[in-house]
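Before any questions on how it binds or moves, here is one chain, the form predicted alone, in structure tokens.
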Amino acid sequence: MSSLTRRGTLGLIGAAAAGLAAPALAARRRVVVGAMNLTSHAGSFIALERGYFADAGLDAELKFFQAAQPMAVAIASRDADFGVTAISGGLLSLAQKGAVKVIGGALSEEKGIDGQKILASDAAFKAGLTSPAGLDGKRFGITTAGSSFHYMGARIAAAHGGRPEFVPLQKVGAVIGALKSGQIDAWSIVPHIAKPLAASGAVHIIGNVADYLPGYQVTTVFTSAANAGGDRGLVEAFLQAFSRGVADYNAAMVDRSAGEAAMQAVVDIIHKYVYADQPREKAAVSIINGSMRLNEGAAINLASVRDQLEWFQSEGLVDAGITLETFLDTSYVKVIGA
């Protein structure tokens, strides 16, 4: 123990508190962490800014992406080591090829916590799209076919016996622009984006995703299959640091148990990556009001993941032979909702 710094020792204690086995320190391993400029990636932001990655022996760098698919490709090609993003058809197909593995959960819908919103453009709203029951045949924005937006839109519309027309626009920013201009009719997105859009009057909130997909595992933590199967110490070190960031976020932003000063400190960190082009005072409102639960200890909701796989297969977006074991390694974190 004498070879460990006091900070490193505390890091191992923090891993146990987060429900993870304390890993061996990763000996200053350099890792690239895929991220997006969304509050759902706050676990990574906090782990970097507060030195939790460093405590775990990782020299971490964030690499930013505009959609889930290119992040999955980057993990598969080893241009990034870990990522946090939604399950997509592309990720499942890469897993089938032995390239990637999901190793934990990140963002999730939770009853009683304000979650993702279903939006309608102003033009569509005025034309009668005032609830998700009217989504049949409407133009629903997605980044790519097989994305989480595709899954959500289909599941929500199907609950009312409908099916939207899906419009792929590649990037979240492009979807926002199309919704505001009325080029698409509807979309679903996290609250820190949805609420400001609705406040502007350009779009309208017509429902909540959680009403249709309770317990939805919105995003997951994943890595290369080589890391998951052959470098356990590295994966455990990453999950330990990431989970400390998640715990800080939930305490400050969701449970509000850490106090006002802690909440403002976390907002300061997130603002470096989310709405960084806006004044802190303005950005803070959206960041605070858009808080959603991140999975403690990177636990993963197996029932939700299974439903997503079955939907992708029913739509013919991925091979019918893919199983949960094909893309999911449950040996690292707690499994819930089984």
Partner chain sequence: MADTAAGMAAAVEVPFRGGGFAPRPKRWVGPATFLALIALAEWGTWAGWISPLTLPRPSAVVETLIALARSGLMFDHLLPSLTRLAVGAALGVGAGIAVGVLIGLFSHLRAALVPLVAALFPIPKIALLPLFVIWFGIDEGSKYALIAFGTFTPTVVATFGAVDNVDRSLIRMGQSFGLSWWSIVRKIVLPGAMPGILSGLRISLAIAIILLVAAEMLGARYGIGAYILEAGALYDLERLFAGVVILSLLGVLTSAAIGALERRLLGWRG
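Residue numbers count along the first chain shown, from 1. What you see is a predicted model; the values in this text were computed from it and never measured.
Another form, the form predicted in complex with the partner chain, is not on view; read the next lines as being about it.
Looking at 235-243, 109-117, 177-185, 252-260, the stretch with residues near the partner chain in the predicted bound form, meaning non-hydrogen atoms within 4.5 angstroms, turns out to be 177-185. Out of the listed residues Gly153, Pro132, Gly104, Gly89, Gly89 is the one that sits within 4.5 Å of the partner chain in the predicted bound form by at least one heavy atom. Comment: the partner chain is not present in this chain, but in the predicted bound form one of Ala159, Ala145, Ala198, Ala226 has a heavy atom within 4.5 Å of it, namely Ala145. The closest non-hydrogen atom of Asp268 lies beyond 4.5 Å of the partner chain in the predicted bound form. In the predicted bound form, the partner chain sits within 4.5 Å of a heavy atom of Arg139. For the chain shown alone, Val167 is a contact residue for the partner chain in the predicted bound form, at least one non-hydrogen atom being within 4.5 angstroms. Although the partner is absent here, Ala76 is a contact residue: one of its heavy atoms lies within 4.5 angstroms of the partner chain in the predicted bound form. Taking the partner chain as it sits in the predicted bound form, the stretch 75-102 comes within 4.5 angstroms of it through a non-hydrogen atom at Ala76, Gly89, Gly90, Ser93, Leu94, Lys97, Ala99.
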